[in-house]
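So here's one chain in two forms, each on its own in structure tokens, numbered structure 1 and structure 2.
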Structure 1
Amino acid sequence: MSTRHVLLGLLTAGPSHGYDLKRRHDERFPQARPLAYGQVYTTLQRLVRDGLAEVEGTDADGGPERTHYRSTDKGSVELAHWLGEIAPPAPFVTNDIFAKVVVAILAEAAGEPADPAAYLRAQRTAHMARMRELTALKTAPGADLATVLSADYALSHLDADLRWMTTTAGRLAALTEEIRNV
């Protein structure tokens, strides 16, 4: 994920200081890893360095001094460019589940103590438990749209994992056979 562009996007709602941007981020992306304040700060400095954002001013408001940032015209152009750019559809498969299943099949065929079928069942249980949590979250009365969108996104991806896991479970016998016969 491009933190620069996400922060630029959050700045479109109006000038803001670092802590406020972190809070807005965590609200809009509730299932994402919360942004570290240090990361917000260094990203804002880089945006300023590159002319995509600028310092609007500072206020103290009784507490420590806070720097307010706003997006520049160049920042708007950059944001529009990023939004219009398609993301490459996952060119490589890098995923723990996938790696474990492939290695478990190889290991089992070689007579090692590995049980891909049992692993797939246990992983399904864990996935389903997480999917129940997310479903409860998004269907809770008063769930806001940010929560619903991010829960939907997470649910769709867990669901995709599950489909692959179910299909693979169905192919296990044939796969093991194939490896043994090589």
Structure 2
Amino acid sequence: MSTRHVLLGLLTAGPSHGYDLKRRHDERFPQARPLAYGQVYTTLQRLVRDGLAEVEGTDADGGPERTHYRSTDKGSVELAHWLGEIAPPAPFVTNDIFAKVVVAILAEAAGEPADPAAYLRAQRTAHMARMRELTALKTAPGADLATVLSADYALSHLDADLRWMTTTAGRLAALTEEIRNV
């Protein structure tokens, strides 16, 4: 996810300070990793540097001084361009699970204590636990639509991983043979 563009999108609602942008990001993208304050302020500084946002003013409201930012016309054009881009499917799949299976096969062949089948079983257990958490989250009374859709997205990806793990477990002997003979 492009933090730069998400913050520009959040600024379309009007001028905001970094703390408010972080809070709104975390509310709007409940399943995403929460933004760190440092990331928000660094990104805002870059947006200002690049002319995509500007400082609207500062206030204290009885607390620490807060700088308010607003999107510029150039920022609106940049956001519109980004929103119009189609996200291309990844040309290469880089997957930690697959990498660990292959490395476990290599390590096992070298006499190291590694068991690719046990790793797949443990990973499957972890995926199933996460799927139960997400299902509970999306079916909780009062769950908002953003939470439901975000959970559905994650569940679909976890389900695809589970199907891949099942297929790979069934082909593990052939994969081991192929890797050892390369």
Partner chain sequence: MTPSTAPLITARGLEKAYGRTDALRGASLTLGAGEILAVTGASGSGKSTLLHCLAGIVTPDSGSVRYDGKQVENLSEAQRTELRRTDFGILFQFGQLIPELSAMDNVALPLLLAGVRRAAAHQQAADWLGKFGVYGQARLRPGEMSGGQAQRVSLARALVTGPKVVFADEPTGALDTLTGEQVMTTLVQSARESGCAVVLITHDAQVAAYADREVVLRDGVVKADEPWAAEHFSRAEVRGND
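C-alpha atoms forming the largest set that superposes within 1.5 Å between two forms make up the rigid core. Every value quoted in this text rests on a predicted model; they were computed, and no experiment measured them. Reference numbering: structure 1, starting with residue 1.
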Number assigned to the form predicted on its own in this pair: 2
Please say whether, between structure 1 and structure 2, the C-alpha of Glu78 moves by 2 Å or more once the core is aligned. no
Quick check on Ala169: with the core superposed, does its CA move 2 angstroms or more between structure 1 and structure 2? yes
Taking the rigid core as reference, the Cα of Ala107 travels between structure 1 and structure 2 a distance in Å of 5.6
